[in-house]
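A single chain, nothing else alongside it, follows as structure tokens in the form predicted on its own.
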């Protein structure tokens, strides 16, 4: 186990399509987190920004961009990028600065202004870029991979379209209770089934949208939190940012082929399972200790996969866990009580930070109608392109 850091404040800019710039969204979230923490911006010793590739040069140096927007005050600055895991990498960078003694208080911010429709590749020809290859050689958009994952679960584990639809029904009901969610309307399984097919077998309502939004956290050393008089502190106990192990025998976005296992035995865990295992080991907890989980539901079938990867159930048992109501609010292990990406959509640099915001509010007992009773331990799970994975464990 490593040292803990305190979560003093959490803030968000609501998700949606607002037609404004990512800097405005991030500044709103940052100010909300500072106000929640009761910390003055001038007392922040470092700011860590999760980068966006859609904001031009300011997006590539997000830490400095947000520091300037809030008002230069001499704080340290760092900017990180890890695709969809950028927010967790930013949290990890902040934690490292605090534990090393470089800063007592660190502000973490991620924000995005996403394009309409599904994500497309960056411009230019790059024959050695797997992301370029999968678009240009296969024409494989993100939903293509989501459909492949879904077909694999149907073939290997017997999951059904009804199972996938019930994930959306669950998350939409929870998103309807979240004032920061983009989609705040309940849906039925029949509405999911009637929505347009995007990448067989997945329908439009099985797949998350792309969104504008922002999230921010104020983290501190435990000593500063005690001096600050923060009662009932939420603490981050672990951050996992592991990479895959060779050979990788499960097809994963954006790769278009798996590794050969002829010369080396595959690892006991898949990549996603190893992300959670590393977090559990660092935190000194296990799946049975969890009160809730926030997972990366790019599609309904991927949420089911995370149930197994987090060890919430055995392999192939995710749909059964869902059908039993175990992952619903009030169940044994509620998953995505925020409403998940199904209710928010992707705002890439912000989403892993938003997951920790939700854990913070839940562990404080401040989540309102979507509160998990007696929440003590929460985990997040996220994955980015090119072997970036992340998981954060927070405790009260």
Partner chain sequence: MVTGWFTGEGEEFRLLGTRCSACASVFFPREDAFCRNPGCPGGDLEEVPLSRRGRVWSYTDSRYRPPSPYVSDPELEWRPYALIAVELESERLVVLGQTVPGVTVADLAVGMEVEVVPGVLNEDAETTWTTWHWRPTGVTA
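Positions refer to the first chain, counted from 1. Keep in mind that this is a model prediction, so the values were computed, not measured.
There is also a form predicted together with the partner chain; it is not shown, and the following applies to it.
A heavy atom within 4.5 Å of the partner chain in the predicted bound form is found for one listed residue only; from 194, 102, 257, 268, this is 257.
Checking 173, 75, 285, 148 against the partner chain in the predicted bound form, a heavy atom within 4.5 Å turns up for just one residue: 148.
From the list 312-320, 91-99, 128-136, 273-281, the contact stretch for the partner chain in the predicted bound form under a 4.5 Å heavy atom rule is 128-136. The partner chain is not shown here, but in the predicted bound form it comes within 4.5 Å of a heavy atom of residue 120. For the chain shown alone, residue 181 is not a contact residue for the partner chain in the predicted bound form, no non-hydrogen atom being within 4.5 angstroms. Although the partner is absent here, residue 230 lies well away from the partner chain in the predicted bound form, with no heavy atom inside 4.5 Å.
For residue 223, no non-hydrogen atom is located within 4.5 Å of the partner chain in the predicted bound form, even though that partner is not displayed. For the stretch 177-210, the set of residues having any non-hydrogen atom within 4.5 angstroms of the partner chain in the predicted bound form comprises 196, 197, 198, 199, 200, in sequence order.
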